[in-house]
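Heads up, the chain below is alone and in the form predicted alone; it's given as structure tokens.
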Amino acid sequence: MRPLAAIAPVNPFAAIASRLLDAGVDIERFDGLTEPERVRACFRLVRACFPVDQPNQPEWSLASFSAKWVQGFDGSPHESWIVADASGEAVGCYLLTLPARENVELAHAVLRVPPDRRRAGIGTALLRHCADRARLADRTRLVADAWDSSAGAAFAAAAGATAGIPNVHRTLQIDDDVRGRLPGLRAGAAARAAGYSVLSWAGRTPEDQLEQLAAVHTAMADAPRNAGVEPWVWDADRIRRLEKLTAEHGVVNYTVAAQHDAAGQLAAVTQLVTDPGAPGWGIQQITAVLPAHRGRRLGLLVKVAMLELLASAAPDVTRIVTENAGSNEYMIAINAELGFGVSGVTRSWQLDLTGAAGRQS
């Protein structure tokens, strides 16, 4: 194993981290397919962080967690690492994903240390190790997400990372007031959307809709994003793989689309998933409208139709979480009409791996 690299010129935990490693605390890579007990250990660590780092947010089931950590949702190469103390107890872990199609200069990290084991140098040791692995893969920037005012944000700042644009998280409590307003919202949107029909399905997308769905996904390319970050390029195979993997791990996908009647083409889509680890929650995925069809209230139409679909297909869902870039005024306005309230802000933090600090490997 290469020597661990320093992340920042001045780091108050670096000496502690070095002592931890010198004392025999080792960071080990594992294969989730053959070492499920280590996947479960990482799952317990991640779950322990939820109440502190992202309270009042939906959690994952072990199955969907395993899908991400063992196979990866987008098929990119990834590495799973875990650290245990001298007694063998897992005290930290990280997942490093190395994008293979877009953003090939980036590496994405999910790094977790449980609250009762923090401020002992474990996170610093993991970050130094993770950055070193990213550099070995010829990546120039390491990216991780953190909630504003959280320990993760403070940790990223102390390590020398730079904060990206705000992603504002909102939660909708589906109550009688929301249900009572849906018919009026639907009628108003439908009046502007003459010539469009609403389609919906639960589970995997029908094969004859995959190419059109991919085209609408690609319409997200003009959504606000951090500088230097490329949008995903969607195709039928990418959607097919993602939906197959999530379905196999207990995640249920719900899709509502607006189809342009004359062209027979999907013009707008909203998608939401439910996870057995988060009963009662709906987790918003994308809402996108093809540029040629914007200005017709299709975004609101499909989101109202999604709430109507959930009322019959998943009546236990009483809360929905979504997130939008803080500058995405159109989607924010739609969410406000529906009754979403702000629940927090996250940012992607980027650590430059090419500067003076990054060369100390």
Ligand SMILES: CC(C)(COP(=O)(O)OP(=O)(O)OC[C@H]1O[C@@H](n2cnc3c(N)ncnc32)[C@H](O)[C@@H]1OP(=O)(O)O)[C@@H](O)C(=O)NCCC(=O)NCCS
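Sequential numbering from 1, following the sequence displayed. Keep in mind that this is a model prediction, so the values were computed, not measured.
Absent from the display: the form predicted together with this ligand. The rest refers to it.
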item: Candidate stretches 259-267, 79-87, 282-290, 107-115, one within 4.5 Å of this ligand in the predicted bound form by heavy atom; value: 107-115
item: Contact label in the predicted bound form: Arg119 to this ligand, heavy atom within 4.5 Å; value: yes
item: Touches this ligand in the predicted bound form: Ala151 (any heavy atom, 4.5 Å); value: yes
item: Contact flag, Thr255 vs this ligand in the predicted bound form, heavy atom cut 4.5 Å; value: no
item: Non-hydrogen atom contact Ala156 with this ligand in the predicted bound form at 4.5 angstroms; value: yes
item: Answer option from Glu323, Asp53, Glu59, Glu35, heavy atom within 4.5 Å of this ligand in the predicted bound form; value: Asp53
item: This ligand: the contacting residue among Ala146, Leu185, Leu213, Leu172 in the predicted bound form [heavy atom, 4.5 Å]; value: Ala146
